[in-house]
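One chain is shown next in structure tokens, namely the form predicted alone.
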Amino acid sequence: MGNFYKKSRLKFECIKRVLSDTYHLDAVNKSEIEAQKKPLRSDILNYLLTSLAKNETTYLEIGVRNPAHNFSKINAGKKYSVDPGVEFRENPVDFKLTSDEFFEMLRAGKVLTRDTRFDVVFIDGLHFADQVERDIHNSLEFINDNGFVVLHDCNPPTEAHAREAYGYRASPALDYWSGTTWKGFFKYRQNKSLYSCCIDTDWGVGIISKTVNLGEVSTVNNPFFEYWILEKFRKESLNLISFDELKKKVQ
């Protein structure tokens, strides 16, 4: 990962020399800031797993790509991975399926068992709002009552990062892409039967719980999921908190 960030910083510096408009420069600067934030998602996931104080925890990761980036860093008694292998041909995962296929088979008892329950499910698959919404819905069905659903890329620093077109490389966000994940997370932030928050690090690590009071529902009025409203009411929309604040809520 060190070489990746070195190359990213080089890109940032090159682009800053070429660009002069504030819109592009703002996106480049915010990418640079976000790429250096700590802790990483793996640190947060491991903290949540440890907080459950169980002899053996069960973890599911949706959207693995290269396991070295996150999956291999997770400490859990049982770990399962799901990825169709679109972005990483080696795809050394347990279930070479889309998340929709996996949950359908899990529900039917064709993979694992129908009574399988996870302590933590990490969602980092297809970053489109409708898919994220389905992944959250399915994950909530299969987590333990005191478990957590965790999502990556919930806090896009600019609208360029929140674009739908991943392959648009002329974007001022460069290769960084959060997609419309924030919309799926924000929708569940309005669910009165759940608690949720977003850790302000690593492009926004969203957390949802059935029982742990991570924060109350969002009252931000954004029925059409407009980015400018997210930008104006970011903290309230996402319940944006620090990792230290999370530790006070989850001990």
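Residues carry their position along the shown sequence, with the first being 1. A quick note: this is a predicted structure, and the numbers were derived from the prediction, not measured.
FYI, the form predicted together with a small molecule isn't displayed, but the following is about it.
Of the candidate stretches 111 to 119, 98 to 106, 142 to 150, 156 to 164, only 98 to 106 contains residues with a heavy atom within 4.5 Å of the small molecule in the predicted complex.
In the predicted complex, no heavy atom of Gly179 sits within 4.5 Å of the small molecule. By the criterion of a heavy atom within 4.5 Å, Lys30 is excluded from the residues contacting the small molecule in the predicted complex. In the predicted complex, the small molecule sits within 4.5 Å of a heavy atom belonging to Arg65. Interface residue remark: Pro84 is counted as part of the site for the small molecule in the predicted complex, having a heavy atom within 4.5 Å. Of the residues Asn70, Thr201, Asn46, Asn222, just one reaches the small molecule in the predicted complex with a heavy atom at 4.5 Å or closer; this is Asn70.
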